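For this one, two forms of the same chain are given in structure tokens, first as structure 1 and then as structure 2.
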Structure 1
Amino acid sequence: MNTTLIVGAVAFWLAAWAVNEWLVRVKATGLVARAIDLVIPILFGASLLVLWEGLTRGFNVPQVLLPPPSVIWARILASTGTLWADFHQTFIKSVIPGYVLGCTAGLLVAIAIDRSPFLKRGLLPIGNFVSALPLVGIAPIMVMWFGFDWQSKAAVVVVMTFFPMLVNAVAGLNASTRMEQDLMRTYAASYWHTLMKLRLPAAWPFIFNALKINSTLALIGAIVAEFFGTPVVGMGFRISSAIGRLNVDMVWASIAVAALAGSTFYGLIALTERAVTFWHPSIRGGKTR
């Protein structure tokens, strides 16, 4: 037990909190306001890390239970090669192809069934139902069908990303109003014209919503599928095998990589969304409550 460390960490956390309390009261505009918006969460995150470090070291928490952040960071630096190989296997070989295939298929099926109100009424409730199911459960089946390598993981990702995209894209294709569609008709626009110029653009916010949901789902699907059998590389494999040896700092290092990959993926999609749906009130208006 090291009281100074504990007191120091808690004091830092309280100080950071006080600074944040002061920062939210600062009346600022323009660049300063945006900087403050950034600084507040970063300061809070940093204070959490300091608290974590201080408490785990101060109370002498065994490393098996919870290693301090500095140890995890040292582990990341010491095993960049392994972590990169895992990232390559899981993210680039399984997540990306599965994500692209699943989302494309969902979008295409949505466009296809959108022409038939009958199919829409039949498929949509089922799609809604399925997207609420614990679909990660199909992982063992896919591993049996497609083998241990990345193909089975990509298949799980395809299934998991398909339904959210289907449901959202169908909702999005219905987002354009009657008036707008009538306007297109007065222009003598064909079905494809209406689809390309009106209905798909109107559907983008919904499609991006699905893309964002799927970015997380895809990574989860690939990692969980690796728990069911995998070649000796991959983030899921690393986590489950390091756990078996109680090599907890390696687990945390893998999780940190997964977290970084997941947030970067999400961030990229969110940025693309801002560029594509620049006209949408939630982006144009700037401030949402």
Structure 2
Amino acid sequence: MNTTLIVGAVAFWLAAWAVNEWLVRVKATGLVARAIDLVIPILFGASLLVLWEGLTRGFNVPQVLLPPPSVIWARILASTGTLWADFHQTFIKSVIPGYVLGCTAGLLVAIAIDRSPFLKRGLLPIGNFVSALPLVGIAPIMVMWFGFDWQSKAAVVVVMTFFPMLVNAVAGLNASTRMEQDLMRTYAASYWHTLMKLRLPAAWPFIFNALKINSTLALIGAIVAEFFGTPVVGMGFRISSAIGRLNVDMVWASIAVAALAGSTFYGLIALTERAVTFWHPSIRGGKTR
């Protein structure tokens, strides 16, 4: 046991915690506030990595149980070609098509059933039922239907993203108040004018909420689906095959790439939300401290 490493890692973590506690209390606006909002998570994440590194090396934790971040980083640098191929297979070929199809279909169906109380009462309970289905039950069925390549993983993503979008979009279309809808009628606005000018803009916060939820669900669904059959490439394949050989550093390298991809995807959607729904109180209120 290396006491120096353990004490140093804990001390760095406590110091970073104290700095973050000070930063969150700083009264700032504009670029300074945005810089602070960026520094806080970076510093917190760096402190966790340092603590992880110090504890695993200080207590001599076997790498087969938990490798330190430096070993995982070395594996990432040594396997960039393999990890890029896995990323392309899982994220580019499976997640993106399934995500776009599932979210688009959910939004269009929500608009379609908005005018039909019968469909609304019939589909929404089914949506809640399907959302509760276990992924490990859906994935092998999709592999049997669509084969072992990316199409079956995209199909799993479509199933996982369709109903969250449907439920949130239907709730968003009903978010506009009765007074606002009556005002549109006084202007002799048609259903489609009311939909495009009032109800759909009011639904954007709900729609983006579904998009952000689905950004993580899509990646999880594609990776888990690859456990049940895939070509010899993909994040899920890499994780399952590497853990079978006790190649734990490769498992963590794949997990790190997946986490980075999912976080970046989520962040891009959040930035798009701020640009589209700049008028919403939650966005306007977040510009100042």
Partner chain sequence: MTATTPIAAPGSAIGRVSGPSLWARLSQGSTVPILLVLAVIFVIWYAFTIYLNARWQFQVFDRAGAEFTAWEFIVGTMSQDRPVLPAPHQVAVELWNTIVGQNITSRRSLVYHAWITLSATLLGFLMGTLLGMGLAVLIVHNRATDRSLMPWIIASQTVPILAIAPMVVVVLASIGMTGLVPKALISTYLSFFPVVVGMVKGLRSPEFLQLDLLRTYSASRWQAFWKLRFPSSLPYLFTSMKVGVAASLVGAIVGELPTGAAGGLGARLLAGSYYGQTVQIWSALFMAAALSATLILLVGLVQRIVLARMGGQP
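Numbering for residues begins at 1 and runs along the sequence of structure 1. Here, rigid core means the biggest group of C-alpha atoms that superpose within 1.5 Å across both forms. Small disclaimer: the values here were computed from a predicted structure and weren't measured.
**Q** When you get a sec, tell me if the form predicted alone is 1 or 2.
**A** Between the two, the form predicted alone is shown as structure 2, not structure 1.
**Q** Pick from Trp84, Ala46, Pro125, Glu180: which one is at the hinge where the rigid parts meet as they turn between the two structures?
**A** Domain boundary, by the fit switch, is at Pro125.
**Q** What turn in degrees does the smaller rigid part make against its larger partner between the two structures?
**A** So the smaller part swings through 8 degrees relative to the larger one.
**Q** Let me know the CA shift of Val24 between the two structures in Å, rounded to one decimal, core fitted.
**A** Comparing between the two structures after core fitting, Val24 shifts 4.5 Å at its C-alpha.
**Q** Using the rigid core as the frame, report the C-alpha movement of Ala35 between the two structures, one decimal, in Å.
**A** A shift of 3.7 Å.
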